[in-house]
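Just the one chain here, laid out as structure tokens, in the form predicted alone.
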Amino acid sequence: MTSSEVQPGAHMAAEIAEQPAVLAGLVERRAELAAVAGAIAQRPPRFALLAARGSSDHAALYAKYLIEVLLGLPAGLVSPSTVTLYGARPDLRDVLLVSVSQSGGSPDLVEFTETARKQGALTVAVSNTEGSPLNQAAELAVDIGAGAEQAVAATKTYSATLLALYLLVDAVRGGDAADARTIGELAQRTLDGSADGVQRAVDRYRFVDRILTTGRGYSYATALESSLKLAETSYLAARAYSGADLLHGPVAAIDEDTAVLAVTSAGRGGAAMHDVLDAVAERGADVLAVGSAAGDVPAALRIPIPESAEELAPVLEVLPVQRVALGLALARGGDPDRPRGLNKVTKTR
């Protein structure tokens, strides 16, 4: 079968299915990440910065939570254009910069990383492309090892990036990755156990025009990634909000015609979503709850997943959402492997 004869969505479907093996393989390579963590520990930073774009930006936000909660360090997301467009040269002595890019080829991230290194930062590249320009620009590099990804929409590279960041941060704090050792098995259980719920969600929301996604804590990254996946594959008008921010005004726009994808897993972030979803339910929204605590909130549909340590939940939560995005794209007559107007590597400056 030639590339032109491949069924729509075939690449995305295959790459979603690969994730349990990819994640398990990454845990087996933990020693490589621990070596990078050891180099970081030898130069303890005052604070951490994270540079990324697109799906990788959501992974960077997840890492921000990890760094602040698990390491007790302030962390922030950078704006690459301050350097690439405005020529800023901030003092980055004793700062850790983690640049996250699945391709490792974004010019603005490469330039920012090069500049940060010259300005005194300890720079770490996290990418899926060994020997990429980003890896060459950084002092240290982490290869997420997800393998080639042919679909434009990132799936296995996203979840693998999350896990790589977790393993890196856990190793910096002296952890042994005990909570992640069965992540491949949990991922397989998540995919196997969510199939019926995914199909019900596709059937229910195939004609929806707009959708709001929401989550708190670590799961806010999943809400952002869910919004992006639905927008780029199904062309939905999708918007993501932190559960806290949702109550500060945007909730007023929610009514019975609003579809809401709520990410809620066991832990403090999921518990904090209860009041949010009570308010959303009162306004008549049609809620799809995804996560290990999906059964604890008011929802029209639920996709429960296996429980994990809260800080690892985003690795699992996103899996059924990827399949919902795939299913909706196909049901609406699209090809998520070739979304209109998008390329695998976006060149920005």
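The first residue of the sequence shown is number 1, and the count goes up from there. A quick note: this is a predicted structure, and the numbers were derived from the prediction, not measured.
Here the subject shifts to the form predicted together with a further copy of the same chain, a form of this protein not shown in this document.
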query	finding
In the model of the complex, the one of 195, 178, 148, 253 near a further copy of the same chain [non-hydrogen atom within 4.5 angstroms]	253
Contact residue in the model of the complex, chosen from 191, 231, 140, 202 - any heavy atom within 4.5 Å of a further copy of the same chain	231
is_contact(residue 121, a further copy of the same chain) in the model of the complex, heavy atom dist at most 4.5 Å	no
Proximity of residue 131 to a further copy of the same chain in the model of the complex, heavy atoms at 4.5 Å	no
Residue 127, heavy atom within 4.5 angstroms of a further copy of the same chain in the model of the complex	no
Non-hydrogen atom contact residue 304 with a further copy of the same chain in the model of the complex at 4.5 angstroms	no
Interface segment, criterion being heavy atoms within 4.5 Å of a further copy of the same chain in the model of the complex, picked from 315-323, 59-67, 295-303, 30-38	59-67
a further copy of the same chain in the model of the complex - contacting residues of 265-301, heavy atom within 4.5 Å	268, 269, 272, 283
